[in-house]
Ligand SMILES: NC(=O)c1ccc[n+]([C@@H]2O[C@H](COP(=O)([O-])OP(=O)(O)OC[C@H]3O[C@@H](n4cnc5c(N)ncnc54)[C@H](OP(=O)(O)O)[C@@H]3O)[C@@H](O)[C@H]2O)c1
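Next up is one chain by itself, shown in C-alpha cells, the form predicted on its own.
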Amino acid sequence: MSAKNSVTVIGLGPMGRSMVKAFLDAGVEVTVWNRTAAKADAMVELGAKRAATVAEALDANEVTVVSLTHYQAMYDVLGQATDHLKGKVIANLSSDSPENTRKGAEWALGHGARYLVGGFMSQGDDIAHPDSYLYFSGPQDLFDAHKDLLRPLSRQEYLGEDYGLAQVFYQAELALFHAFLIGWEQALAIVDRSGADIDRFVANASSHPNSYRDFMREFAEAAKAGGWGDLHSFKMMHAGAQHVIEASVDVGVDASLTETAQDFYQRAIDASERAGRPVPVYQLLRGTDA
C-alpha cells in the first residue's frame, strides 16, 4: 500500500468534490487544486489543504487523482508543471475514448510519471452508493500498491494492464445507459400523455430487473456467435417498433429513438435478404455484416 495516507485531487467538479469528501471521511489527508480556485473553498472548510499551483499540488503527495472533463483538460492542467511529474503516480479518472486514454498514458509516462486509468460507474455523483463502482486499468503492480489508498472512492474492478480497458468498459456501459435513459423518458412520456398513472407504471416496470439481466446475458452469448435473430425475428421486431412509434405519435410523444431502433431492424432485414442468410443488428453495429 502507499507509504503515506494522503492524496492530491485535481479537478473539483461534482465528481471531484465527491472524491475529496470520500477521502476525508476515510481519514485520508487531501490536497486540492482547481482551475477556478473558489471551488476549493468548500473542500478546505471540510479539511482539505489548498495548493496554490499545479506544481504545488503534485509535490504534495505521491498520488494525484485527476478528475477533469476530458483528456485535453489533463494536458492543459498538468502541462503547467510537467517537470513535477517525474516519480509521481497519476490516477486519471476523467472520461474520454480508450484511444485518447492510451495517448494520455504515453504522455504522462513520457514525463516520468506512473499511470492508472479509472472510470466511474456511479449513481450520478453519489460514489458512496452501494451500486457504484470504479473500473481501473494499467500496471497491476501499480494498482496493487495503491488500491487501499483509492478504496474509499468506490468498489474497485481491476481489468488489466491495457490503459484503455477501463474506458472501453466505461464507455460501453454509458452507451447502454444513454439509450436506456432516453427510452425510459419516452416510456414515461407515453404513460403521462395517455393520462395513465405514472407511479403505477413505474411500480410495474421496475419490478422485474432480472428480465433485463437475462436479456443482456442471452444477447451476449448470441453476440459471441455472430448476433441474435433471423429474418423472421427482425421483421417481428420491426413491426413491434412500429407499434411503439404509433403509440407515441398518437399522444404527441417524440418517437425518434424508436425510429432509430426500427431503422436498424430494417437494415438487418435488407442485409439478410441480400446475403441470403441472417445478418443480425449486432453485425451491423460491429461492422461485420459483409
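Numbering starts at 1 and runs along the sequence shown. These figures come from a predicted structure and were not determined experimentally.
Although it is not shown, the form predicted in complex with the ligand is what the next lines describe.
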Handout entry: Contact assignment for the ligand in the predicted bound form, among H243, H232, R35, R50, heavy atom within 4.5 Å
Key = R35
Handout entry: Heavy atom within 4.5 Å of the ligand in the predicted bound form - the one residue of T64, T258, T31, S67 that qualifies
Key = S67
Exercise for the section: Choose from 201-209, 178-186, 145-153, 93-101 the stretch whose residues reach within 4.5 Å of the ligand in the predicted bound form, heavy atoms counted. Expected result: 93-101
Handout entry: Heavy atom of H238 within 4.5 Å of the ligand in the predicted bound form
Key = no
Practice task
Considering only heavy atoms, tell me if Y170 and the ligand come within 4.5 Å of each other in the predicted bound form.
Solution key: yes
Practice task
With heavy atoms only and a cut-off of 4.5 Å, decide whether M15 touches the ligand in the predicted bound form.
Solution key: yes
Practice task
Classify D125 as contacting or not contacting the ligand in the predicted bound form by the rule of any non-hydrogen atom within 4.5 angstroms, answering yes or no.
Solution key: yes
